[in-house]
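Next up is one chain by itself, shown in structure tokens, the form predicted alone.
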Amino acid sequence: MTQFVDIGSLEDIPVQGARLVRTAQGCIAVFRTADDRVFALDDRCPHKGGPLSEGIVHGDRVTCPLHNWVFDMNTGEATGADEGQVGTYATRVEKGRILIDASLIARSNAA
């Protein structure tokens, strides 16, 4: 069973925006959609390493700011003609707080 850790308030992330969480594995982009769903993805586009946390959120997709690759935040897969995938991480929102897979944070603290 996945354990979760509180990383902040839902209000800390602008609607259709993102925030960065630094872990031992690298940076994780945590996104908030227009309907307050939260997704966590690797912050590095597989195409040219663009920071997805600086991309445009639309629905359950994010567009890389460098070359407009679009990723499905449910699966991490590139959409359209682009091929590639970014890692996705379990999240949930409880009582206005964002919870993320605790194994990311635990590994960060071990580094």
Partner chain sequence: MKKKLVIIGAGMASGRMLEHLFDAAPDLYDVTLFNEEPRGNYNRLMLSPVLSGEKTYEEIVTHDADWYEAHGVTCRFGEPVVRIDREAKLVHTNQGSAEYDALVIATGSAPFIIPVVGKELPGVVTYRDLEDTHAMIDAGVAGKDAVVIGGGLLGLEAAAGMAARGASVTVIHLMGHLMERQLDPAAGYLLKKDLESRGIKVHCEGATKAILGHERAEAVLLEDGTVYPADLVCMAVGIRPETRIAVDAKLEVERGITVDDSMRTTDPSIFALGECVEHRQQLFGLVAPLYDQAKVLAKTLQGEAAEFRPVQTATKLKVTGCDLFSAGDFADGEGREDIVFRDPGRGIYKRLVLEYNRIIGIVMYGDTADGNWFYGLLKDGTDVSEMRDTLIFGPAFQGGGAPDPMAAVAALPPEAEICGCNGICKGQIVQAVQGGAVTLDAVRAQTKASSSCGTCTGLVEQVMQFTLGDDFAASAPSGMCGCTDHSHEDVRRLIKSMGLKSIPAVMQELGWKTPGGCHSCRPALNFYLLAEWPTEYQDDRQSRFVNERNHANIQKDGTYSVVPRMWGGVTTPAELRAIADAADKYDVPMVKVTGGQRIDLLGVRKEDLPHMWADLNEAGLVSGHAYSKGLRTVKTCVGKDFCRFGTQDSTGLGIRLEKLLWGSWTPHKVKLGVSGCPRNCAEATCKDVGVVCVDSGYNISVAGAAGMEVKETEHLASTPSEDEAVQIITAFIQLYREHAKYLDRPYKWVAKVGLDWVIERVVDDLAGRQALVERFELSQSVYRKDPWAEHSTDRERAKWAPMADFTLEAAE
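Residue numbers count along the first chain shown, from 1. Note that the coordinates shown come from a computational prediction; the quantities given were computed from them, not determined experimentally.
Beyond what is shown, the protein has a form predicted together with the partner chain; the following relates to that form.
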My question is simply whether Thr23 lines the interface with the partner chain in the predicted bound form - judged by any non-hydrogen atom within 4.5 Å. yes
Gly87 within 4.5 Å of the partner chain in the predicted bound form, heavy atoms: no
Partner contact for Glu54 in the predicted bound form: the partner chain, 4.5 angstroms, heavy atom: yes
So in the predicted bound form, does any heavy atom of Asp35 sit within 4.5 Å of the partner chain? yes
Pull the contact list for 69 to 86: residues with a heavy atom within 4.5 Å of the partner chain in the predicted bound form, in sequence order. Val70, Asn74, Thr75
